[in-house]
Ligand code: CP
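Before any questions on how it binds or moves, here is one chain, the form predicted on its own, in structure tokens.
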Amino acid sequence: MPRSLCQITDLTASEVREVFDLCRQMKAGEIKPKPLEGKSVACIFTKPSLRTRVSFEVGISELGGQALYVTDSEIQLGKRESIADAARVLSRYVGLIMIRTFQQSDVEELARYASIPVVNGLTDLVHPCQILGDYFTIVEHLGQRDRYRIAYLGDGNNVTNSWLNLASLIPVDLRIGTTGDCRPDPQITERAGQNPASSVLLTDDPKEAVADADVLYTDVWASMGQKHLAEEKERKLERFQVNSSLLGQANPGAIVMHCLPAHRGREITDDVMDGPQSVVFDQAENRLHIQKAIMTFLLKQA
């Protein structure tokens, strides 16, 4: 059965480090593998995308392959035909599947029946490629350390869940600042707490979350599919806005991260996002490199 990446926890800690090493080498131009030469990749999108689509399509091209953009109206996954049948058919045509969709169960079922690797480009539950690229960005800017103090501020969403998944594998001091009814997935939180090398704090005090933090991280308060909750989330989460006052509570050399797209003036202010401590656009660039590394790693395992 081929290896897939439905969640970060599909990897072991040593495999996560192998992916990071591949990413570093690719970004530095030290290796130029073409594992997709002569192959195509089905890129299924049931959610709109900028970074995921462009970074995957460019990455697939640089790995020697061809990206096929497949929309929800064309595939109607699980409606026009079963997910299992779609997985079996696509496996006869392409060398890899990337999917960005709503339900995590759709990704897992696709991976279960496909005879080729499947990569989760985002679901409502998790965003594994984003966080692997973000951790790589942290190492680039802060240097290799045993553990980073990462303060996540805002809604407990798929990004938060993926930070927790990473903390369940490798040492992370993760502080999540959010309200009681915006917390991340409880099972994923519990699993992260079982890693003795990591520390996980959930707090409704933003200052407690960012105290001496190495990284301040935020995301939109209302994710895709939740825009009808935008005003309610803004009322609940406005205390967790990443601004210069809150940044001043962190380490002087702390970096600021946002997975984009940003609602400037809501979860993050312009002066911080465009300031000298922001690495937001380095994060965006590294999506390309980490996804190339992930695809190369999975194809090597096939």
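For clarity, every value in this text was computed on a predicted model and none was experimentally measured. In case it trips you up, residue 1 is the first one in the sequence shown, and so on.
One more form of this protein should be noted, the form predicted in complex with the named molecule, which is absent from this view; the next part is about it.
Honest question, do R149, M257 and Q277 all end up within 4.5 Å of the named molecule in the predicted complex by heavy atom distance?
Per the other structure, none of R149, M257 and Q277 touch the named molecule.
Using heavy atoms and a 4.5 Å limit, would one call P48 a contact residue for the named molecule in the predicted complex?
It does: once the named molecule is placed as it appears in the predicted complex, P48 has a heavy atom within 4.5 Å of it.
Might T52 be said to contact the named molecule in the predicted complex, defining contact as any heavy atom within 4.5 Å?
Yes, T52 sits close enough to the named molecule in the predicted complex that at least one of its heavy atoms falls within 4.5 Å.
At 4.5 Å between heavy atoms, is Q130 in contact with the named molecule in the predicted complex?
Residue-level check for Q130: yes, a contact with the named molecule.
I'd like to know if G38 sits close to the named molecule in the predicted complex, meaning any non-hydrogen atom pair within 4.5 angstroms.
G38: no contact with the named molecule in the predicted complex.
Have a look at G253, P261, G265, G29 for me and say which one sits with a heavy atom within 4.5 Å of the named molecule in the predicted complex.
For this set of options, the contacting one is P261.
Which one of these stretches, 185-193, 138-146, 122-130, 86-94, sits within 4.5 Å of the named molecule in the predicted complex when only heavy atoms are counted?
Every other range fails; the passing one is 122-130.
Taking the named molecule in the predicted complex, which residues along 94-109 bring a heavy atom to within 4.5 Å of it?
Going through 94-109 in order - heavy atoms within 4.5 Å of the named molecule in the predicted complex - there is one hit, R100.
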